[in-house]
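Following this are structure 1 and structure 2, which are two forms of one protein chain, each written alone as structure tokens.
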Structure 1
């Protein structure tokens, strides 16, 4: 396992380094002067120049890149020009909100998706199959920005039972906090849950057709024992792979969902950084997004390998 992990690492680091170069230098190609924003509308030129040099924006680009990289590696992410706050602190706060949202969504997706997927994979009734198939197709296809707005329209505007946006008191007041979390989490969970259900169903059907299952049935194994001991474990690996990919893409979904529900998470922070031309914050967040994706990918592969010995032998 460790050997397998070590083999994957160099390539991952190369990808991450290439991404950091691309992010840094491409961003600096674009114009815009954070010093002018900081100084405010009626400030003098000398005020702006003084601020620019205090931010280190007059250093050569390559120096700025190295300083940045060193900071990222040592955990010193710098200070946001625009929001006047240490970036580590800004990211820390919003990351908490995004993790809450993503965890809620993932919980809904895994529970709902597994139940639906299990039904679809095991129930042979044609009508049930069709309905579940159509529902999950919709779940995969309907964009999050459509479901999100629809949820608000129904539950916050037409029937005023849930708040239309904001994070509320969070988990400090669970009863209220969970009502704020409900709609964003549902919106974010739908594509993931539906994808999960479809893959689980396909994988279950495939496994059920395998010889060893047929043998098990012929040998008179109890259905329940057959499913829990043989079918489900063998059907899981492709599903965890898909789940890994989906988790890696949750940030993209979070950007949309956080926008709809004014949820102050990393996605909102990223959009704010981009539209406010906050280079430092933008490049930190983008690098983190890429890093998270890569880490999740590797983790997924490692988990797959752990579950399924065949993969480990094949790849190692």
Structure 2
């Protein structure tokens, strides 16, 4: 396994380098000038030029890129243009809230998606399958911002049983913290859980049609043992791969959910950076997102290998 990880490391570094180039230069192609934004609409050209010089934006683009890349490698992420605070500090303060939200949403998605997918894949009643299929289609189709607004209208405005936004005390007061976490986690988890359910159901149906399952039935294996020891392990590798991809989409959806529920996380920070033309903060956050996605994909491959011995043999 260690040898496999070492083989993946150079490719991961190349992807990160390519991503850093794309992020840096695509941001420069976007409209707007950070110096003009900071100076205000009534600032003179001399004031804008002075701000641009103080931020290093008057340097050649390749020089700016190399300075930024050096800072990333050495851990010096720089200072935010608009928030006037060290970027590492800003990310550290908001990262915990985003991790809490993403972990809660992922837990709900995996548990709910697994239960729903197992039922869809094993229940033979056509009416039940149609109802479950309609529910998962609805979960995939409805955007998170629609789900979030509906949850607020029902549970925060109409019945007033849950807070409409904010992060509350976090997990320091578990009962109250869960109340603040529940609605944003549910809104964020629904598309991921529905997608997992559909893929798990399809994988289970495919596995149940395999010859080794019929052989197990012919030998008199109990259904519970057949499912837990043979069918489910063989159906999981494609689902874990999809889960790895869905985690990336879940992190992207966190930006919308954090905005709707006033959740002070990395998504809110990224939105502030983009609207304020804060190049440094935007670059750092996007590159961190790419790094997290790469780590998740490698972890997914490792989990697949742990579940399926055939994958371990291919990588040996």
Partner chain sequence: MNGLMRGLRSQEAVIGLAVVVVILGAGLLAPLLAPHSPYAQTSETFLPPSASHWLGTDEYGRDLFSRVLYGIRQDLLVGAVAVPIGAVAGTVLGLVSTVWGWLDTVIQRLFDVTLAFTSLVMGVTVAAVIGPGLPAVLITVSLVNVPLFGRLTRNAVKSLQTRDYVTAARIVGVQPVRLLFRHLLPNALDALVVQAALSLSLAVFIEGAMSFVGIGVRPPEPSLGSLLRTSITFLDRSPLYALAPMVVVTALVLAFNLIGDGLNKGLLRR
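Positions refer to the first chain, counted from 1. Note that the rigid core is defined as the largest set of C-alphas that superpose within 1.5 Å between two forms. The shown structure was predicted, so the numbers you read here are calculated from the model rather than taken from an experiment.
In this comparison, the chain shown as structure 1 is the form predicted together with the partner chain. Core-superposed comparison between structures 1 and 2: the C-alpha position of residue 247 differs by less than 2 Å. When the core is overlaid, the C-alpha of residue 13 ends up 2.8 Å from its other position between structures 1 and 2.
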